[in-house]
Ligand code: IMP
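Below, in structure tokens: the form predicted alone, a single chain.
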């Protein structure tokens, strides 16, 4: 049984399209602050695994607007609750920065050993500990922390553009994110799940998990 750390039943239903046995676990872990999703997901998976002592998956997702340096990115939930979705749409359109993508990272931890590669790099970090070439090529699909607890990461990306709000379905930024001519809020749930960033990450995870 896989424990999906979430309080959102919609995420579990989406995961059930790809996984045979998954159940929701309500566990509130302190979120790492980072300018990229991968370290946040890895930290959450390790923390949840240590608390639950069973295989876990967590996800972290966000809206990344290219012309706004990836804003709101990992801070999407906070920005939604403070600025609001319509205001984000207005800012992007006024700046002529409508190209965007939804990104999701699924992080898995079960305490077992992986062939680990370097920890995901915070691309916004300005330090001398890693050369530019290392930051550009560091792998982000397998990570291990100082205590030797590995995490496997799976990323899904859905490209699109920011538009004026349309549609009555979905949640969050769905009304302002257009993909192939429709906003996600204009799609049925099954249509959205078939193309979503989370679905793409889940599909990669399911393929790996089955082969394991």
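As the structure is a prediction and not an experimental result, all values here were calculated from the model. Residue numbers count along the first chain shown, from 1.
Below: the form predicted together with the named molecule, not depicted.
Asker: Answer for residue 61 alone: is it within 4.5 Å of the named molecule in the model of the complex, judged on heavy atom distances?
Answerer: Residue 61: yes, in contact with the named molecule in the model of the complex.
Asker: Does at least one non-hydrogen atom of residue 27 fall within 4.5 angstroms of the named molecule in the model of the complex?
Answerer: Residue-level check for residue 27: no, no contact with the named molecule.
Asker: Considering non-hydrogen atoms and a 4.5 Å limit, does the named molecule approach residue 80 in the model of the complex?
Answerer: Although the named molecule is absent here, residue 80 would touch it in the model of the complex, with heavy atoms inside 4.5 Å.
Asker: Given that the named molecule is not shown alongside this chain, does residue 174 nevertheless sit within 4.5 Å of it in the model of the complex, heavy atom to heavy atom?
Answerer: Yes, residue 174 sits close enough to the named molecule in the model of the complex that at least one of its heavy atoms falls within 4.5 Å.
Asker: Who in 181-202 is close to the named molecule in the model of the complex, meaning a heavy atom within 4.5 Å?
Answerer: The stretch touches the partner through 192, 197, 198.
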